[in-house]
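Single chain ahead, by itself, as structure tokens, in the form predicted on its own.
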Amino acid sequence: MSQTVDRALSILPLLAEGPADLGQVAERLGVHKSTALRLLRTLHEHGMVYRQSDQRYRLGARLIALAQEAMENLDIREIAHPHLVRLNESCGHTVHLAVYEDDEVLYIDKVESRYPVRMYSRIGKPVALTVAAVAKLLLADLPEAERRALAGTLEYPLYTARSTPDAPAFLEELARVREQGWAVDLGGHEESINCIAAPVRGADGRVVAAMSVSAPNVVVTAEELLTLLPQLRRTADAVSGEYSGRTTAKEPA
């Protein structure tokens, strides 16, 4: 990368911290003010930075619009799928990816278990909002007022004795999930099926998807499944890093 491009790009994270004047930019870059001014003018011409009335510079609307457009065009399923496959190969159990859209939590990807007993879930199928681990993670990330309003509109079918019985219990569970950063469904939807879930987060820290590992009791106990939680969380964190741009995908060996 040329020195000029490198210096210009170095200005952007500086201004992301807040507006800065010409002297501050020059000092941070370690260049003369004339050089800093030339770089700022070029960025300004392209809408990457904006000069305020107090002569300080801030990030420009064009840059923000490009970032938003890039985020909207990211395919979380495409990014996550190789990670789901590797997790499945490691643990052997069913792995799901789910998102919250139009008041439903939907599976958008699935890698089947290697064991003969298979999950009935399928891509595009909505999950049970009040019990599914992925739903708890996605709904726990909603603003409090929205969580409370949603909880008041839901029905609470008792699929099993471990199902969430009512809105107060559901809100208590979402608060716990929000605090600990992961969720479980231990026989809440089906007595014989257990599930653990971890969040995939965007650059702003909000939960954009939930990744889960599910298995029937005949294959693995709930306690044994919970031992996979650190591995699941590391996988979800890796997807988060790639999705948010903090890390890049590793090249295959």
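The structure displayed is predicted, hence computed values, not measured ones. If you superpose the two forms and keep the largest set of C-alpha atoms that fall within 1.5 Å, you have the rigid core. The numbering used is simple: start at 1 and walk along the sequence shown.
There is another form of this protein, the form predicted together with the DNA, and it is not shown here; the text below is about that form.
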Touches the DNA in the predicted complex: Leu22 (any heavy atom, 4.5 Å): yes
4.5 angstroms heavy atom contact with the DNA in the predicted complex for Arg62: no
Residue contact check: Arg28 to the DNA in the predicted complex, 4.5 Å heavy atom: no
Touches the DNA in the predicted complex: Arg38 (any heavy atom, 4.5 Å): yes
Residue (of Ser34, Thr227, Thr221, Ser192) lying close to the DNA in the predicted complex, criterion heavy atoms within 4.5 Å: Ser34
Full three-residue contact with the DNA in the predicted complex, heavy atom 4.5 Å, for His96, Thr160 and Ser163: no
Listed range touching the DNA, judged in the predicted complex by heavy atoms within 4.5 Å, from 194-202, 180-188, 53-61, 207-215: 53-61
Yes/no, Asp237 Cα shift of 2 Å or more between the shown form and the other one with rigid core fixed: no
